[in-house]
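Let's start with one chain on its own, the form predicted on its own, as structure tokens.
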């Protein structure tokens, strides 16, 4: 425990808890000033079509309409987090300063106009008056069609297969020659909708300093600012981004939704002499249609081992469906590429991973960031190997797992602090403790069994990077002010300024606790100013399990600088610090050699489930989710992250079945896209938290937010096989899919 009241290691109550429980917390959708104008974003509803004409005159003349924005109003009509391949507004006219052809809609949720009116109803009504003529273009519906390149979605790239990574390690042919057993499979991974509590919303205005200001929800204020400034052709210091309270993000708010168009609307209104704020809030259906999803993927994998279980070779081909635009597909592909061989010592490998454009909803960041896709193939292969060898799946992992000093799949030594052996052992021990299992029919949400109820256990283990990868210039800034009287020996109050996004996970609480620990000031005397580019430095994104790790190191540096100023007599004593972790590297394009990450987190899960062979209904009875978090800054928040990730992964694995037909989402409502309810989640979640210090982490802490998600699906698949003897190479495991699989053998 911390020696500082409320410091690191304390399960202190979140400062935002009262507001969120009582409904007083102010979310972007709540921030509607009395005199606000209202914006409506008009989707193209065209998965692939060229705009021939656009007539907004009737909309402009409609009652209450103040402004209609089109592509001609966008100074630089392009954006994209890692590749600028998307127009802000699809349309005609405007400048020729963008390399992106703006007259083609490649996604049903491409924006073609923004209508600003006195009321939401007037804006929506006017949008219905917009007339567009389209030339329909052929769809590229599947990965296989994309690979053929007969229709190019982005002709400027010359191919739909636009990003590729490769690993060639050792002598793969020799690896197969020395294998006594070979396991091979093709795995299909589905889309997943983020389904955060609060849908996309934003308000925009010009602040007293003349800055274009957007208040919204997102994951990286400074990246939002950069993309707004680029599209509006403004210096970054003329743009301000503020985050209000957020009801979840999970990667879905890492990319743009309303940020650019709302900033554009505020700027245009000011040129018209109108100083009112403008507000927009999507419906749930608009949200499901209008933001990216977890990538669907196809992975073909091959695994060889000796009869004693020692891995001799791995081969894999990963095909990631980027959908219509890149978003973060190149980065997600990188994580899938690194994880598809598993968290094991692999002497010989050949892995090819590719991202392809299709006429589908874009894929983007989602908790795990490619890790769940790669781990599903890797861990299912390992469980199949264990079954083939008639070997305990835990023992098979012990034989092959990464350890301190192990060479990773990219032919460099793993960063120090590999604790996978301890994590696997702790998970196995906990899973073997007795737990009474309720009868299947006792669960109120389940019908009486129609067939035999069978039970099984599955195991999976893995790893996930902490922080940005592949040479990205990683950084995190913090500022600390120490307050007190001139003759005080110690500060009486602390202010911490940090841009780290609070997306529901407790980041701001953890930042305050780390600031308390770093300065020695009790938590109740630590105030925070967060996520406002006017006052806080660049923190990087609340993603990649990085924020606690990066923010803690930046706070330690800022506290040290502030303490120096305090000793020099400055009041307030101000310390600013930009933390930069060890550098990472891009992988060699031919061999895949390199150091892609500076830190990792490690996890293992054991799952007990019951399946009714008459209905195909699965109940997960128990999850043992084991994680090395290095140091739990707030143990209660860590447990919440584990349980939340398990429930989200449970939906991915069992029920969430996004339907995309002819480039359009066919079930954009929560009534037909089934996230787990309280009666559907696992009966018991045992969170096993290890605190084995990361050598570079602040107070030894590791990132862990994504880790409980990554191994869930393969552990469920293994448990279902243990119960029924049937392997499932795709999911979600809906009752109909389970029944069909059971009947096929």
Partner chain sequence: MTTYSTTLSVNGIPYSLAFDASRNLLSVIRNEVGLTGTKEGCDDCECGACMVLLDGHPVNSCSYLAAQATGKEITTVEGLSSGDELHPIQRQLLDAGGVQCGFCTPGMIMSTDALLRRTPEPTDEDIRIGLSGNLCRCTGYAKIMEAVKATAVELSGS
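Residue numbers count along the first chain shown, from 1. Note that the coordinates shown come from a computational prediction; the quantities given were computed from them, not determined experimentally.
Although it is not shown, the form predicted in complex with its partner chain is what the next lines describe.
Although the partner is absent from this view, residue 197 contacts its partner chain in the model of the complex, with a non-hydrogen atom inside 4.5 angstroms.
Within 4.5 Å of some heavy atom of its partner chain in the model of the complex lies at least one heavy atom of residue 248. Remark: residue 22 counts among the residues lining its partner chain in the model of the complex, judged by a heavy atom distance of 4.5 Å or less. At the 4.5 Å threshold, heavy atoms of residue 127 stay clear of its partner chain in the model of the complex, well away from it. Interface residue among 328, 192, 543, 519 relative to its partner chain in the model of the complex, by the heavy atom within 4.5 Å criterion: 192. For the residues 139, 453, 413, 675, the 4.5 Å heavy atom test against its partner chain in the model of the complex is passed only by 675. Between 710-718, 41-49, 675-683, 693-701, the stretch whose residues reach within 4.5 angstroms of its partner chain in the model of the complex through a non-hydrogen atom is 675-683.
Of all the residues from 21-35, those having a non-hydrogen atom no more than 4.5 Å from its partner chain in the model of the complex are 21, 22, 23, 25, 27, 29, 30, 31, 34.
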